[in-house]
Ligand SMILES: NC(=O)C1=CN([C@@H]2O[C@H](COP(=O)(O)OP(=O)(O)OC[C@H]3O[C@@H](n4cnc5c(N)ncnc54)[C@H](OP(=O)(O)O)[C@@H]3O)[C@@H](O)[C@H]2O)C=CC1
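Just the one chain here, the form predicted alone, laid out as C-alpha cells.
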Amino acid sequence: MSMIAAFYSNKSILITGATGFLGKVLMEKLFRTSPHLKVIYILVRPKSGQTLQERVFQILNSKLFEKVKEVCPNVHEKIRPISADLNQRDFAISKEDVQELLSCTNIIFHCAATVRFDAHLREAVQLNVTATQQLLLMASQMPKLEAFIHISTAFSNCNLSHIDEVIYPCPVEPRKIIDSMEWLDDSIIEEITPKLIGDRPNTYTYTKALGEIVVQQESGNLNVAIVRPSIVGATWQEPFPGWVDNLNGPSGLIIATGKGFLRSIKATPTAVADVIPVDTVVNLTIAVGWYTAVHRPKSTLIYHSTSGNLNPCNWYKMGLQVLATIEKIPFESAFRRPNADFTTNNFTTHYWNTVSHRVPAIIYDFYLRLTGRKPRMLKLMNRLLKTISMLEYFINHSWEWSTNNTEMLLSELSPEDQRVFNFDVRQLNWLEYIENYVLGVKKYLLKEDLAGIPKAKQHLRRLRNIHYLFNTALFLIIWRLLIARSQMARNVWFFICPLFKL
C-alpha cells in the first residue's frame, strides 16, 4: 500500500492553475492514486459563455482523464470549481467560497503563473508575485492546512551557472516591486524593466525569483516547500506516454520542425536540453506535499526537478531524434488548425538567416493566393521567429542544479511509493521519450491522424523544394554580384569552370 496515496485520502486539496498543463496532470494523478480524497478545489477564471461546471466537464472530457474515470467514476463530484481571478484583489472570490476554503483546505498546490517570457512586468508581478503573496495570506488563516507547495522554475536564478537548492536574494525587495506596480505608468515600467531584471533574460524568470522570496518571507508558521522544474515536456509514462496539450517548451519546436519552414536554429549543440517530463514533476510535487505535511521540516526546502545533472541529453541529440521520428511520421494538417502557431522541417544547430525563412514563406503565400486559399505562412513565420528568439537564451546555455533534497526525498520513499510516484529521471530513456513526445504532439495536440503519411510527405517535399530553390537563386545572385565586382571571385570562377568540363 502506498503511504503517499493513503495520506491524500479524505483530504481537501486546493490547486491553483488547475486548468493549465501541469495542473491537469497533477489533478489526474491525485484522483487516480487516491480516489478516496474528499475534494479538489480549483480556482477557475470566469469565461464568457461558459459556466464553471462546463469548464470542469471540458477538462474531464479529455483523453488525459480516461483512466481516472475507471477508478473514480464520481470524479466530477469531487472537483469543486471556485470562481476566481488572480489579477484581482483577494482573487475576487465570493465570501461564501472564501469561508469554505479557509475552513476545509488541507493541502495547497500553487501552480498558477504566467509563463509568457515577454509578459509586461506589471502582469508578471501580479500573477507570479502578488498572487503568491495573497494566497499565502489566505493560507495563514486555514486552521486545517498541513502543507503549502509552491511551483517555481529551475530558471528563476538562470543568471547563475550553478544553482543550489536555496532561495537567492534579489537586489530589490519584492514588496517594493509590488507597491511600485500599483502607481507607475506602463511607459515608466517598460523603461526600468531592463534595469530591474538585470542579467536575467525576461520578466518570467525575474518574477518567479521574486515569488520565491515572498514564499520565504511571508509563509510564517506554514509548512512550505518549493518545487523547481526545468523545461516541462510531455508525459513520460503516466497516464500514457507522450500526452501534451500546449505549445510551450519543445512542443512548439517539434511542431515547427514537422511542418517544413524552420530550416535551422541558433543553438549550442553540446548545451544540455534540460527537459523534464510533466509526470515526473507531478510525482515529485505530490511526494513533496506528503513529506512536508508529515515530517514538517524546520526550514523551507527547495526541490529541483531537472534532468541535466542526473541524465543529460544535449540539444544536438534531441534534434536528431526529433528529425528521425518526424521523417517516419510527417505532420500534415497544422496549417488548417487556427491554434497551431508554428511550421517547419529541419532542426540543425547553427546561425540562420532570417531572410531565408521569410522569403520562402512569402513565396508560399503567393502560391496559396494563386490556388484560391488564404495566405498565412508569413504570419506564422513571424510568430515562429519571435518565439525562437525568446528561446535562444535557454538553448544556448547549460546549468548545473544540485538535487540533494530531491535525492533525499527519493530515499525516504518506500519501494511501493518509488514505483507509484516515480521521479527518478535516471531511468528515462531519451530516445524512446522523444519519439513518444513527437507522436504525442501530432496525436494529442494537433489531433492529426498518424495514417496520413503520403500526403504529408508530399507537403514536406514541396516546402523543401521552395527552400532549396530560393537558396540556389540567392547564391547565384550573390555570386554573380561578386564576379562583377571582385577580381578574386572572377579568378576562382575561371579556375573552377575547366574542372567541370573534365
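Each residue number is its position in the shown sequence, starting from 1. C-alpha atoms forming the largest set that superposes within 1.5 Å between two forms make up the rigid core. Quick caveat, the model's predicted, so the values are computed rather than measured.
The form predicted together with the named molecule is left out here; the points below concern that form.
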{"item": "G289 within 4.5 Å of the named molecule in the model of the complex, heavy atoms", "value": "no"}
{"item": "Residue contact check: N157 to the named molecule in the model of the complex, 4.5 Å heavy atom", "value": "no"}
{"item": "Contact label in the model of the complex: Q217 to the named molecule, heavy atom within 4.5 Å", "value": "no"}
{"item": "In the model of the complex, D179 touching the named molecule (heavy atom, 4.5 Å)", "value": "no"}
{"item": "Proximity to the named molecule in the model of the complex (heavy atom, within 4.5 Å), stretch among 231-239, 169-177, 291-299, 93-101", "value": "231-239"}
{"item": "Whether R55, D85 and V115 all lie within 4.5 angstroms of the named molecule in the model of the complex by heavy atom", "value": "yes"}
{"item": "Interface residue in the model of the complex among N246, T193, N309, T270, criterion: non-hydrogen atom within 4.5 angstroms of the named molecule", "value": "N246"}
{"item": "Partner-contacting position among Y364, Y204, F421, F109 - heavy atom within 4.5 Å of the named molecule in the model of the complex", "value": "Y204"}
{"item": "Contacts with the named molecule in the model of the complex, stretch 148-182 (heavy atom within 4.5 Å)", "value": "I151, S152, T153"}
{"item": "Exceeds or equals 2 Å, Cα of S62 between this form and the one not shown, core fit", "value": "no"}
{"item": "Rigid core fit then H36 CA moved by 2 Å or more between this form and the one not shown", "value": "no"}
{"item": "Core-aligned C-alpha movement of R45 between this form and the one not shown reaching 2 Å", "value": "no"}
{"item": "Pairwise C-alpha change, K47 versus D118, in the model of the complex against this form - closer or farther, 3 angstroms or more", "value": "closer"}
